[in-house]
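The form predicted on its own is given below as one chain in structure tokens.
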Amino acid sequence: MMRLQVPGYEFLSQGSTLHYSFSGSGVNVLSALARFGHTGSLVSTLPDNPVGAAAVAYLQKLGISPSYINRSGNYVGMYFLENGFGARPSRVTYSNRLESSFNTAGEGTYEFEEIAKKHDVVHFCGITLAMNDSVRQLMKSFAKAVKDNGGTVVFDCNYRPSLWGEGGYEKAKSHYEEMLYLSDIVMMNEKDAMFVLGMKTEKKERQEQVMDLIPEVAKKYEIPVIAGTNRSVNEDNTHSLCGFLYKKQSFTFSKTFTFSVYDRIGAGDAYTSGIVHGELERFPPEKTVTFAAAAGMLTHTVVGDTLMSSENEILRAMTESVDDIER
């Protein structure tokens, strides 16, 4: 997607300029993993015009291979970002997504079997699942090819109400369930379990709901690893973030990080990249979940959707206080 951001904290109705960049859940996860030393490719379709060329150049700058990017069509999906401040949350407005080159790519566009044979892990997200029936079918076919070839399927639930529309939870449930049955690592929280999957709990506190519902999800869909976060906004406008990891029928929670927010978008993708990295490197659960939470925290400190910190910087942020200047 193309991200179009109003400068500072203005509304679209106030601003007269926009800053553009390219992002998306897959882009954010891949670019972070590239910084951690992994290699990866984006499977997508971009327009065959200068906008598509600019997007490819941007991906390469992030360390992402464009080998599986198809070039056809005329449009790229866009979203407009208005940064929140204080009591006012940030606001994202999607545009031109249904007509984008990615959403209109037909069956046979991608060689999923060949791609699956060459990659150990493939990441999918619920934002893609919300697009249309054609995209959903392509996504499920790709996930099945990954499973058939012994790869690891990562699925981030990423439910977006504005993309599913009225009655969205009912529309989404069966598609989410198909992906969950194929998944090895799932990113979700208690709200996904309650609203998308229709699960019930008598618990009132968020952490209690997580501990009540997530084991049931793991058992029903036979998911080895489930991870997610609990965020709160404090009275002084700082945010607090705590991550959880459910693996081998046991919960591990990170410490709670409290921080100021410079740019809110992309934190969940940074957290996902931290979980995937920890699993690939076989970190202990305590290190994996705290690494992921620290990655999520650091993403809030830079402009843009993508994590810009190295593994060493995140490891340091897990234990050290903030310095004034590094010299």
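Sequential numbering from 1, following the sequence displayed. Please read these numbers as outputs of a predicted model, since none were measured by experiment. We call the rigid core whatever largest set of C-alpha positions still superposes within 1.5 Å between the two forms.
The next section is about a form of this same protein that is not shown, the form predicted together with another copy of the chain.
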property: Proximity to another copy of the chain in the predicted complex, single hit among Arg160, Lys144, Lys220, Lys117 (heavy atom within 4.5 Å); result: Arg160
property: Option touching another copy of the chain, based on a heavy atom within 4.5 Å in the predicted complex, out of Val196, Cys242, Met78, Val135; result: Met78
property: Another copy of the chain contact in the predicted complex: Thr319, any heavy atom under 4.5 Å; result: no
property: Contact test in the predicted complex: Ile265 vs another copy of the chain, heavy atoms, 4.5 Å; result: yes
property: Interface membership of Glu311, another copy of the chain in the predicted complex, 4.5 Å heavy atom rule; result: no
property: Close approach of Arg282 to another copy of the chain in the predicted complex, 4.5 Å, heavy atom; result: no
property: Stretch in contact, per heavy atom within 4.5 angstroms of another copy of the chain in the predicted complex, of 25 to 33, 272 to 280, 59 to 67, 285 to 293; result: 59 to 67
property: Output flag, Glu82, Leu98 and Met297 jointly within 4.5 Å of another copy of the chain in the predicted complex, heavy atom basis; result: yes
property: Members of 43 to 60 lying within 4.5 angstroms of another copy of the chain, judged by heavy atom, in the predicted complex; result: Asn49, Pro50, Val51, Ala53, Ala54, Ala57, Gln60
property: After fitting the core, Lys191 CA displacement of 2 Å or more between the shown form and the other one; result: no
property: Core-superposed C-alpha of Pro215 shifting 2 Å or more between the shown form and the other one; result: no
property: Rigid core fit then Phe85 CA moved by 2 Å or more between the shown form and the other one; result: yes
